[in-house]
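Given next, in structure tokens, is a single chain: the form predicted on its own.
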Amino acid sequence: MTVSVQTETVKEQFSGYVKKMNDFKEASGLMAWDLRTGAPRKGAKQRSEVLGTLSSEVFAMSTSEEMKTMIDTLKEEEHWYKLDDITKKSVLEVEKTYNKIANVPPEEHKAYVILTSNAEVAWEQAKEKANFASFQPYLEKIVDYNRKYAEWVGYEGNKYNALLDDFEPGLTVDVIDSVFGKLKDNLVPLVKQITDSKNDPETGFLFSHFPKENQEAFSKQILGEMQYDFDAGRLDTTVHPFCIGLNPGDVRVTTKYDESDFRTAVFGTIHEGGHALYEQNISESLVGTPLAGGTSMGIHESQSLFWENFVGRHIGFWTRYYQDLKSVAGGSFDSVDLHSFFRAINVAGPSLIRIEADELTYCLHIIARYELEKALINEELEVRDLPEAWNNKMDELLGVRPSHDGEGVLQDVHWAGGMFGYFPSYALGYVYAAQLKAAMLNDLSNFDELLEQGNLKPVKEWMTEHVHQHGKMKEPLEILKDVTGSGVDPDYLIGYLSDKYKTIYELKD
């Protein structure tokens, strides 16, 4: 079909405008990566100002009359039917953003970006000193903004739905409460059974000295085996591990090394590597559009948790890679057989730190945070009362209580970064991952054998075909429905965890 000059002209204007916005976002992302990976502290304040300026430019462009005019013009019938699918989806994506944030005062948005950039630095210092009081003023302002933001953008039902939509489109508090309620009902008793079990794996050898440089070498090896493209990324060190996708050709992974517990780095790297594979394998046709990213944080987490747990903690994976680990571990595991090692890395039980939590208790950490931040946004809890509420929630769900705020309410950077509505994605991602794994087995019935052979390429390619390449062309629930045939279903995860841990701990039904 021949596209009229007028339509093509507006389309080119729109594409150029959106690409300019993406360029600003990429520059901001690079600065954010630098702030978290060793930028001088004395430069943080100025860097935060620069981030605020760039973010304000993107915000202004997103809500400008020029953007509105292009959206309205392209959606006119004479133009719309002539557009390709990618352009149509791009128009709908920026229209959603426009409609959502048009009522957010620009000066409030800029101040908030500066606030959260400074708050991340303040959080890091507060965490080091386990001093919540020093961080409290920042968090109070952040919570206040998010309460107002929910009103500005609007919502149906629970106020928290406004924040959820930024990270997990299509999900609501009602759905999440139902899914998380089922997880709690099944996981809390199972954790209690394991806590009371007399069949604990021996884990002492896990804490043997393991040089950082050797951990790094092994981590890089595994990233390569996962098909991570080092020509399109890099591995760095940070306080709180993360992955950042600047564009599919520049996707960076960070990790944290603990020489007395190699699991922090190895499993953390595998986790972030799962995120990176998603970003590196988005279709090139989407680059430069607002669709060149993960469709939701839940789908993103499905990728990281799939690789960390369904691959990285699978017996087949270590059948292939345990000897490689032993060869760089300085003799620490020489007397430990594969079965004992496998049981040890899958040890489960209540713990205080989310990023070090085992896969059985992980969702309970997320549910605790979800319930707390939902209460904060709905003004049922105030920031000053958060440390005590945190401790009580950990006691309720996991039976443990932090001894100080550094291992309690201050352990995560997300609230400092203003990421309210994000935490549910972690547990939802785990639910999605279990559903995707079940669907994968229909095509890769030899999944276990592939891991034993160290042949991870077919696993990665399956995920690229069904998830990665689509970017934001598909909504999260659309991907889930297309691949698994159903909506959000926690039964797959509950079944997986129940079967695995009843076997490891020799529990009776």
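Computed from a prediction, not measured in an experiment: that's the story for all the values here. Don't overthink the numbering: it's just position in the shown sequence, from 1. Throughout, rigid core stands for the largest set of C-alpha atoms superposing within 1.5 Å between the two forms.
Although it is not shown, the form predicted in complex with another copy of the chain is what the next lines describe.
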* Taking heavy atoms only, is R234 within 4.5 angstroms of another copy of the chain in the predicted bound form? -> yes
ask   = With a 4.5 Å heavy atom cut-off, would you call N455 a contact of another copy of the chain in the predicted bound form?
value = no
Quick check on Y492: any heavy atom within 4.5 Å of another copy of the chain in the predicted bound form? no
Check: Is I101 close enough to another copy of the chain in the predicted bound form to count, meaning some heavy atom within 4.5 Å?
Finding: no
Given 62-70, 26-34, 436-444, 466-474, the stretch touching another copy of the chain in the predicted bound form at heavy atoms within 4.5 Å is 26-34
The one residue among D229, D358, E124, D261 placing a heavy atom within 4.5 Å of another copy of the chain in the predicted bound form is D229
Notebook entry, point to check: Is another copy of the chain in the predicted bound form near all of K148, G154 and I479, within 4.5 Å of a heavy atom of each?
Noted result: no
Restricting to 244-268, the residues within 4.5 Å of another copy of the chain in the predicted bound form through any heavy atom are L246, N247, G249, D250, R252
Core fit, then K457 C-alpha moves 2 Å or more between this form and the one not shown: no
Next on the checklist: R41: after superposing the rigid core, is there a C-alpha shift of 2 Å or more between this form and the one not shown?
Outcome noted: yes
